[in-house]
Each structure stands twice: as C-alpha cells, then as structure tokens.
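The form predicted alone is given below as one chain in structure tokens.
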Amino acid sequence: MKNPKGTASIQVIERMARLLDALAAYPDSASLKFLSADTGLHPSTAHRILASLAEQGFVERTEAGDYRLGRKLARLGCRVNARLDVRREAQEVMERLRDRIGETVNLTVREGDEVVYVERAIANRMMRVEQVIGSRAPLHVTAVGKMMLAEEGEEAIAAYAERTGLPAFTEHTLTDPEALVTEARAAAERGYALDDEEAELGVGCIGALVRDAGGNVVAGLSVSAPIERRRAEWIPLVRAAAEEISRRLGWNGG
C-alpha cells in the first residue's frame, strides 16, 4: 500500500535540495524568478519552500528580496570540515601511538548524547579490542564521553542524566548522576579519563580530548585494551598524542 504522505515528504526534501543547489550556483544571491526557472518549480512552490528554509536559517533574504544561502549552512559546513581535518591530522599520530603501545587507538566525535567512532588504528595482535567505524556509545560509558560532558559543566551533566536515564551496560557503568559528576570533574582536572569496564566487561580505555584552534573540543582520542593489559604508563602518551593532534589543528594550549 502506498504512503502518499511519505511520498509527499520525500518530494519536498528533493525540491529543497534542488533549490539549495540552485542557490549555490550563484556567487551572491538570486531572485525567486531565476530560482524557479533553474529548478523547474512553480514560483509559488519555490516561494513556500524558500520561506520554510529561511525560517530554519538555511536561506536568507536580502534587502532587495532575493535569496542567498544562510549562515547555518556555513556553520554546518565548518563542522564537516573540522571532522575531515581532525581525521586527516590524527591518522599519523594514532598509528605512532598504536605502534608504541601495541593496542588499538580510536578517534571519536560527539553527536548529541553519544560518541561516534570515526577513525581507528588497529593493533596487530590476535587478542585486541576493535571498534567499528560508525559505531556509537553513550557519553557516560566512555572515557572521552565523560570528559566531553565535563566540558559543559554540572548542570549539563545533570540534564544528560535525566534525559538518558544513564542506562547500565555493565555492572561497572556509572548510573548515579552524582557519581558521574564527580568522575567527570576529576577527569577534567586530570586531563584524561578512564573507562573501567563501563561499556564492556573486560575492556578498559584511556581517553583525552582533542581541541581546535579556538580551544573547542572537536574529538576524543582513546586507547582500548583488555583491562588486564591496560597500563598507567600509557596515560602521558595518550595525552601527548591528543595534544599533538590539537596543535596540528591550530590549538596553542592557551
């Protein structure tokens, strides 16, 4: 059975994409007349979609009444570029860290209430911890996730706890909001965080944050290993690697 409502929604998205592509072809702005002609959309249809895009910040109106791409698209584009940049700059550093300690190194970014694994340097050994690129985990069960929460302060951590319910993944997962606040605060003061079998039994992690030129957190670097192999002497190595990636992104440590 067909779903007319779903088909109509997809059609609107396609028309929005056509209008944005048409706008991107102009160096500054374009009139409704030109955009309608470029996309083959009726002027009333194009006007309605452009108005909705303007409400969301994806399109802006000029004083002359023309349309141009909005600042929100620029911000989103910067986020995409930042992710591409951090992966590129991190790869060599991650491989050197992996070769030195002999364990898997991960690069994660935050998306909402989760971290997403976007890059990895896999250890060349039979027994290893291996995260799939694109896989996700809640912030409170990962080392870097706890540090990312700490960046936002205690009120944000409390809001996260209420929003998610702090589900337990293992018997070691921090499910008490006060305990999470305490651990996040301590991690921020130390400059690194640990995952003590909180996401997966038998697995331990060491994590540190990666910053851009403005000091903003753009990623997390972590080492994952069977808990019995994890060593405290890796902590300065992980921190140094995260700092090196940050410097490559323009951060000066200030």
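We call the rigid core the largest set of C-alpha positions that still match within 1.5 Å between the two forms. Throughout, we count residues from 1 along the sequence that is shown. Not measured: the values here are computed from a predicted model.
Absent from the display: the form predicted together with the DNA. The rest refers to it.
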- Partner-free chain; cross-checking the DNA in the model of the complex, the single residue of L32, I227, A188, L194 with a heavy atom within 4.5 Å is L32
- Given that the partner is absent here, does R239 sit within 4.5 Å of the DNA in the model of the complex, heavy atoms only? no
- 4.5 Å heavy atom contact, R15 and the DNA in the model of the complex: yes
- Message: Please tell me whether any heavy atom belonging to A24 falls inside 4.5 Å of a heavy atom of the DNA, as the geometry stands in the model of the complex.
- Response: no
- Is the gap between Q56 and the DNA in the model of the complex 4.5 Å or less for some heavy atom pair? no
- Message: in the model of the complex, does each of R87, Q91 and R98 have a heavy atom within 4.5 Å of the DNA?
- Response: no
- Item | Core superposition between the shown form and the other one, C-alpha change of M16 at least 2 Å | yes
- Query: Can we say the CA of A225 moves by at least 2 Å between the shown form and the other one when the core is superposed?
  - Reply: no
- Query: Quick one: R163 and E55 C-alpha atoms, closer or farther in the model of the complex compared with this form (3 angstroms or more)?
  - Reply: farther
